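The form predicted on its own is given below as one chain in structure tokens.
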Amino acid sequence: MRKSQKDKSILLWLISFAKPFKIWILLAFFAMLIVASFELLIPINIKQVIDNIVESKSSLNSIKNHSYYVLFLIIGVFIFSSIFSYILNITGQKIMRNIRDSVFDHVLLLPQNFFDKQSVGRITTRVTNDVNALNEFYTNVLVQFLKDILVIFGIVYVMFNYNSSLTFLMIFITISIICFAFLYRKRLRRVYTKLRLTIAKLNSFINESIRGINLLKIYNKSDQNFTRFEKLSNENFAANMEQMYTFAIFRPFIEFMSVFSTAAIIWYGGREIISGNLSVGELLAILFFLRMIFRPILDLADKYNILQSALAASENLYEIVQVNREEYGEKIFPSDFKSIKFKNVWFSYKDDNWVLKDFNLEIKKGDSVLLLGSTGSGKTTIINLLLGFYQPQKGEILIDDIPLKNYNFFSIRKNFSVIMQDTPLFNIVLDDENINSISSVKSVGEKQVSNVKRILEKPFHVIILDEATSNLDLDLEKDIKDYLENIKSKTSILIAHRLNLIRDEDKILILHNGRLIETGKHIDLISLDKEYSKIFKFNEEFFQSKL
């Protein structure tokens, strides 16, 4: 997609969030029309007063009436400006909320491989900082931009009625300023994009550093970490300085053109007065209009800067919402399923680095399966594939001989009770008995016990425990084993390094480098005296040495 087409798509996407509030935006626009009309009428009335005074046609009573009328217009500008400002700010905040909700709702439904490629800090920046950057787009650009355009056209129309040659002079100056502003378009866009990127990288690094602060301290990496932080901070500083330099050139040039235009209008207008082509009141009104026309031009420049900032921020958000959500079918997971099969499954997280290689497995309803193997052998990958987080590159996964991709993943996950080694989302959920003890701190083990209890209460047909007892002592681990004994009708899949959960009826699978090398029950595998026997003896010797 070309840049111009992409910008158009982004703008249409942003405007779509304003549609539910179109009545309020139209009301704000109507208030702006009144403000624009009143602002045009003020110099016109001042012109009439000055011309009447110069031509000795004025009286104290007429001056008083014009003064009251101008005061009325000024009060009207204040009232209606307050109205549209209030409406736009309230509406802008509501639009921000909807965008934030929409983006985060989309993020929650993205496939797992998206999160593998994105850092937590960067996604956080997109949903928070980038959304907030759009606020000024809705409050200061969307409607006020139209108001500024109307004011400019209104001024040009009135000035043509006063003096066309003087109007052409001001139009020429105005076009020169606008051309100069557009010359900065690419530079401004590049500056804002770079600034947003440095902010995202900085937030991501800070987020990950704080999450891993204990590891930084354990391995004495604080100094190295700070060095990396300084580098990212300097990049952000350089981007901010580049933005400052850009404004340092642009705004002074506009101010200079404003003063230069005033001098040019007075010089040329004075000649027109002497020639009888312009009155003193008209020249004074034109000077008022000059100030008025430069204010919208300055505003338009600011609006353009805001627009560039919003486009840079919204481009990041738009890229997220363009990522396809998880794809799944409509078939509901059957509670009375017969079997789950992995048929010639090959899977890699990246390129051809296969984690599973021609993997075959059948889990029947009511089976209790224990997956063993060294780190990286593919145990957790099997669970990730079964839950639909990833799709195999080769082969297929079947539930009752129907491909997994035909099922609704929500129904699958609803019927699977999964307990992982670390469940951070549940750690922030308060226990009912400690609802008033918000500041109470639990140990990792206590949190895991609480999480296990909460998840086990969930109705399910398949239970998956992925190193779920790693932070539990042996007594609590025994409670989990007893619980599994009481739910033999359920299908269970366990991943563990410690073998305390092994039961006589368990179907044990030994994985090595993504392949299934041994399968059977405990007593059978022990007699084979192969890989499982080595793992079991090692565990046995380890625990005996601790006694």
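Residue positions are given as counts along the sequence shown, with the first one as 1. If you're wondering where the values come from, they're calculated on a predicted model, not measured in any experiment.
One more form of this protein, predicted in complex with a small molecule, exists but is not displayed; see below.
- Contact annotation: of the candidates Gly376, Pro403, Pro252, Gly270, the single residue with a non-hydrogen atom within 4.5 angstroms of the small molecule in the model of the complex is Gly376.
- A heavy atom within 4.5 Å of the small molecule in the model of the complex is found for one listed residue only; from Phe226, Phe153, Tyr349, Tyr245, this is Tyr349.
- Partner proximity in the model of the complex, defined as non-hydrogen atoms within 4.5 angstroms of the small molecule, places exactly one of 97-105, 277-285, 310-318, 367-375 at the interface: 367-375.
- Although the partner is absent here, Tyr390 is a contact residue: one of its heavy atoms lies within 4.5 angstroms of the small molecule in the model of the complex.
- Among heavy atoms of Val355, some come within 4.5 Å of the small molecule in the model of the complex.
- The small molecule is not drawn, but in the model of the complex it has a heavy atom within 4.5 Å of Thr380.
- For the chain shown alone, Asp116 is a contact residue for the small molecule in the model of the complex, at least one non-hydrogen atom being within 4.5 angstroms.
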